[in-house]
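In structure tokens, one chain follows: the form predicted alone.
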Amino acid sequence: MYIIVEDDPSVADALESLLSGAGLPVRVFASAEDFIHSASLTPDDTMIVDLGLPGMSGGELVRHLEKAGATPKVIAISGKSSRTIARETEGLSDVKILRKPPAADWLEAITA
């Protein structure tokens, strides 16, 4: 399952269309809190999370999941500067970063 946690509807829709168009199962959540209250993870899942979520940030969500022992493959997306991304992902294990806006080559990067 590919889980998208993204507050920007246009980015969430683009990612959902990209993945579902390739025949992949997708669930979309508008916030980290919605995800925590509504979903469960398996080790085979891939979570695509916006680092700049309002409320609990994407980095905080990943840290929360790591503490709970639920660590899926994580792909962080952000339109922020490289310095900000590095600060927000510091200490996180195995996080792939994709820069916004979404691009056609994201499908290969996400499914690799």
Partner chain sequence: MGELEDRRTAVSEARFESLLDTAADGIIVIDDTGRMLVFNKICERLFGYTAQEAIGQNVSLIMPPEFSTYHDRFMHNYHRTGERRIIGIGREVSGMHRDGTVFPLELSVGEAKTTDGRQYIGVLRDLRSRRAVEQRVSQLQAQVVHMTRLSAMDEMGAAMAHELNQPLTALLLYLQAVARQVKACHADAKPPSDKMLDVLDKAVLEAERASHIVQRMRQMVEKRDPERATVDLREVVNEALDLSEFVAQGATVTIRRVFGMAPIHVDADATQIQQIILNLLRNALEVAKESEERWVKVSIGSDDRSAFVSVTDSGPGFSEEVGKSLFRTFSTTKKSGMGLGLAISRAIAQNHGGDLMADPGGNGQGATFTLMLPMHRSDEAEDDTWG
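Residue numbers count along the first chain shown, from 1. These figures come from a predicted structure and were not determined experimentally.
Form predicted in complex with the partner chain: not shown, discussed below.
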Using a 4.5 Å heavy atom cut-off, which residue among L92, L24, A14, I97 comes into contact with the partner chain in the model of the complex? A14
For G79, is any heavy atom within 4.5 Å of the partner chain in the model of the complex, or not? yes
Closest heavy atom of I3 to the partner chain in the model of the complex, within 4.5 Å or not? no
In sequence order, the residues of 81-111 that place a heavy atom within 4.5 Å of the partner chain in the model of the complex are K100, P101, P102, A104, D105, W106, L107, E108
Taking the cut-off of 3 Å or more as given, in which direction does the distance between the C-alpha atoms of F35 and A103 change in the model of the complex, closer or farther? farther
